[in-house]
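In structure tokens, the next block holds one chain alone, the form predicted on its own.
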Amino acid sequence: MAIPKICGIETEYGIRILPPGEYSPVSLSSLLVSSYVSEIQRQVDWDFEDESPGNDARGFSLESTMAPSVEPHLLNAVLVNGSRYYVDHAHPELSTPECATALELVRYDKAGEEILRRSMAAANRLLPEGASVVVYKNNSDGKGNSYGCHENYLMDRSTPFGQIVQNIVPHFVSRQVFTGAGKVGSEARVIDPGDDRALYQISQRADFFEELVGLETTLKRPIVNTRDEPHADPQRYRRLHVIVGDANLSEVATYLKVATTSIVLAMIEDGFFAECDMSLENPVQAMHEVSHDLGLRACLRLADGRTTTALGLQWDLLALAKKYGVERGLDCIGGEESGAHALARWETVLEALEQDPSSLSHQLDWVAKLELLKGYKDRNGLSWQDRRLWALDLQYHDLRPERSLFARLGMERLTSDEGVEAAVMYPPEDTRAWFRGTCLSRWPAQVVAANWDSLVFDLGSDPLRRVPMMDPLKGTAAQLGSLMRQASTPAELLRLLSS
């Protein structure tokens, strides 16, 4: 039986300073993170004790592979809502707390955007007069560089990794039709610059993928990442680290991205693809083709010789998911009601994409941006190569409320302002994030370090005390709320936990 799909999102944000100055991206990112953290809480550092990004799910690594590096010298903080906020290479990055449903994850993803907005305000108070830091939630700088938005899903360790790869790839390739953030231009050398398909595409990330399977995340990017770092009991769990997604501002796109992937992964765990092989003949090529196919009609060849489209693959996956829901249930993605909602929304969006994609201009990022840019282009008689369209593309992703084009479009909300505000300061109650965030909020001076699967307390005497949290499903408000209310100090809490 598939295990609950605890999930999270890691977003790397684009950053720059206006007017252009002498700050490096690293120092500017550090200023952004530190200024926010210092205003709301004592900084609690990330504990790198158990970091192992070089572990490969295949059990081996190619000699040419560059494993992701750990950068303990860069600013890395844990927030009271259970998130991790840090500098990753040259970008500020925020990882949401662990969430038990796709809808809850949307709320914490939106809280992440609000944290970045407050960070900009805090950083600007420290900058010289006239200077300001600007943050973008996008994936490409338009100069050939890409930065990621990674998803994470809890999976059963017993599921063979090869089985995961075989059955998740068709979904990753085809889900772009609703997860894409839209993009002016192309980095794909195989596309003729004179071809209209190169001038606007569905996904910001698709052009940057070059391999089917691999460990790297910044070079030779693979469709399926093999990082085997569960941040949980490695005998029971694996964490599928997904790097193919765009950074979405649309709540509907984020919801569908996470909900549909959770369902597909549950089907893989339960062997529901045994007689339904959708393997693509050339997945990397298909990844690029789908992104450049605004008409959603590109012919994709399957490994068995059949042909279909991205929409065709999604319809097949939805049909299988409906059958799975009837026969096995969807409790693993947050309950039957949550599962039924996901299936219904999945179907509604596929129907709209098939009939008239423009009808989704208030639901999906790539459609909303395309309609916006086409209108501006046609009114001003521009070609797609005009740099003003690229500038508008970037402004769509601007997180400053007064500058964001996304904020002006009236996109459909799945969250509320009140819910997002609560998520900025309080952790989810139904995962271990609740224990982490609550301890940081109550006893920041005694928590000396934290990571996903442990907290380290200083009780005033040697040695420091590490509290393991190896199960993402434990440490919830329902499980530990009573103990937390009884304890007035961390020492009392640890005593109650040990008893």
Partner chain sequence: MSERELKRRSPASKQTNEDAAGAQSAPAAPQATSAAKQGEKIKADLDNLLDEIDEVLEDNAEEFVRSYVQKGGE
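Residue numbers count along the first chain shown, from 1. Keep in mind that what you see is a predicted model, and the values were worked out from it rather than measured.
This next part talks about the form predicted together with its partner chain, which is not shown.
> If you check in the predicted complex, is C299 within 4.5 Å of its partner chain, heavy atoms only?
Replying inline: Taking the distances in the predicted complex, the answer for C299 is no, it never comes within 4.5 Å of its partner chain.
>> Taking its partner chain as it sits in the predicted complex, is E402 near enough to touch it, meaning that at least one heavy atom pair lies within 4.5 angstroms?
In response: Contact with its partner chain, yes.
> With the cut-off set at 4.5 Å between non-hydrogen atoms, does G325 touch its partner chain in the predicted complex?
Replying inline: No, G325 sits far enough from its partner chain in the predicted complex that none of its heavy atoms falls within 4.5 Å.
> Taking heavy atoms and a 4.5 Å cut-off, does G271 contact its partner chain in the predicted complex?
Replying inline: It does not: once its partner chain is placed as it appears in the predicted complex, G271 has no heavy atom within 4.5 Å of it.
> Can we say N138, Y147 and H150 each have a non-hydrogen atom within 4.5 Å of its partner chain in the predicted complex?
Replying inline: Spot residues vs its partner chain: full contact, yes.
> Tell me which of 165-173, 84-92, 278-286, 114-122 has residues with heavy atoms within 4.5 angstroms of its partner chain in the predicted complex?
Replying inline: Contact-bearing stretch, as computed: 84-92.
> Pick from D398, D331, D316, E211: which residue has any heavy atom within 4.5 angstroms of its partner chain in the predicted complex?
Replying inline: Of D398, D331, D316, E211, the residue with a heavy atom within 4.5 Å of its partner chain in the predicted complex is D398.
>> Just to confirm, with a 4.5 Å cut-off on non-hydrogen atoms, which of H292, R205, H231, K110 contacts its partner chain in the predicted complex?
In response: For this set of options, the contacting one is R205.
> Taking heavy atoms and a 4.5 Å limit, what residues of 325-350 are near its partner chain in the predicted complex?
Replying inline: Contacts from 325-350: E337, S338, H341, A344, R345, E347, T348.
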